[in-house]
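As a starting point, one isolated chain is supplied in structure tokens, in the form predicted on its own.
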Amino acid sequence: METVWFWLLAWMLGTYVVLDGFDFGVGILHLFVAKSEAERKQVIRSIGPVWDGNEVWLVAAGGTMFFAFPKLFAVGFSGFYLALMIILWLLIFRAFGIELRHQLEDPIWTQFWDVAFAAASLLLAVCLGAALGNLVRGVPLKEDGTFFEPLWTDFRVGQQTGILDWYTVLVALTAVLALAHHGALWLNARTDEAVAERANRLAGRLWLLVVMFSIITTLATVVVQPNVTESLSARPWGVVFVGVAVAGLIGAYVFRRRGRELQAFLASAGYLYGMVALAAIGIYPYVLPGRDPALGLTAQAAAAAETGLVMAMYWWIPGMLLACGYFVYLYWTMPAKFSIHDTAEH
């Protein structure tokens, strides 16, 4: 049963990356694609109906982790306490940037919150990318099952790691590029005129960087975490997700070049889902790999009792059906394009 919950949790986190990922990408590119106040309002409007709802997936994933893998929740949240507090404050500051910029008609006020929105989005992409890097690389778990990581040590990948080292920084840079590319495709699909044209050009430039960094990060992952290749060899069906990720990248390029903006965005979503799935396959059966493999926390050791896992499924399924139904309705009823000529704030 713990294996089922492991994959359900991976699916929820992948959905969060895809949905909130384009929000982050829009924020990262905000100051580059919008050159006037009207264009900045247009960019904000393009994510206005969905940005806060997308964060529900992060909360739901945290709740699922709490009841399905309580030991992982306790160990992970205490070990990454400093990083999680930074992420929490960035989420708050980013929300302020979106909600407060239009409260006063003052150029300094709006420019301050525009910069806050862009900076918080960029740093969130960095933090979440570094978090994924830490998870795949493994953390310095001790024999009592706990760990703590400072922000950095010597930037080497050894037994005593920090949150930031050369590998996690590389994963963070890849995440920033991938989410910026994802956000550019969203703006290309959902806005018009100058903003869409600039987003289209940026997506083309970012695509090549995403390809390069994806290849480099994949090779580096094989070096720093040998368990990844062993796990993938033990589960040859995982090659399907390699195909999904590669097809997503190629599709994002081809569809964008042919002017099929929505299909390009969906292809980028496929690439992100594929990469998250490959990371999950790479670390399994661990939910928290250790730098010493013998001390890693497995899904079986971290899971709640079997009875609890079965009972939880009875409320998780209807809850997810409601959430998925709501998101389908939300995205289905959104305007196809957010025009620069609209007057709504967000």
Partner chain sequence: MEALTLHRFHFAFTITYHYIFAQLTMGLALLIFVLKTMALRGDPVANQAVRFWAKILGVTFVMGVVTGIPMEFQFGTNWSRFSEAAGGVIGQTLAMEGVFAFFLESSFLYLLLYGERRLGQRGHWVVALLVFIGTWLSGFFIVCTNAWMQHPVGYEIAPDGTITLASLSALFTNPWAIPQYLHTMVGSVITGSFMMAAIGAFYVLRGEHVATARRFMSLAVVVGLIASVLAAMPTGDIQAGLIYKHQPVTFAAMEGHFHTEDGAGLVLIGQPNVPEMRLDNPIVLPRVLSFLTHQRWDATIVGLSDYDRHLWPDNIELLYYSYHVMAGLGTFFIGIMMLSAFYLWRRTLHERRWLLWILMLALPFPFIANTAGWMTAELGRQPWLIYGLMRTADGHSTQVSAGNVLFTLLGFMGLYVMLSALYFFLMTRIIAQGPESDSTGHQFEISAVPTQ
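Residue numbers count along the first chain shown, from 1. A quick note: this is a predicted structure, and the numbers were derived from the prediction, not measured.
The protein also exists as the form predicted in complex with its partner chain; that form is not presented, and the subsequent description refers to it.
Asker: Which is the contacting stretch out of 288-296, 24-32, 275-283, 59-67, given heavy atoms within 4.5 Å of its partner chain in the model of the complex?
Answerer: So the stretch in question is 59-67.
Asker: Non-hydrogen atoms within 4.5 angstroms of its partner chain in the model of the complex: do G53, F96 and W113 all have one?
Answerer: Yes, the whole trio is in contact, each within 4.5 Å by some heavy atom.
Asker: For L91, is any heavy atom within 4.5 Å of its partner chain in the model of the complex, or not?
Answerer: Yes.
Asker: Under a 4.5 Å heavy atom criterion, is W166 part of the interface with its partner chain in the model of the complex?
Answerer: Looking in the model of the complex, residue contacts with its partner chain do not include W166, since no heavy atom lies within 4.5 Å.
Asker: With the partner left out of view, is M85 within 4.5 angstroms of its partner chain in the model of the complex by any non-hydrogen atom?
Answerer: Judged by the heavy-atom cut-off of 4.5 Å, M85 is in contact with its partner chain in the model of the complex.
Asker: Considering non-hydrogen atoms and a 4.5 Å limit, does its partner chain approach H102 in the model of the complex?
Answerer: Yes, H102 sits close enough to its partner chain in the model of the complex that at least one of its heavy atoms falls within 4.5 Å.
Asker: Judged by heavy atom distances of 4.5 Å or less, which residues of 327-342 approach its partner chain in the model of the complex?
Answerer: Residues within 4.5 Å: F327, Y329, L330, T333, P335, K337, D342.
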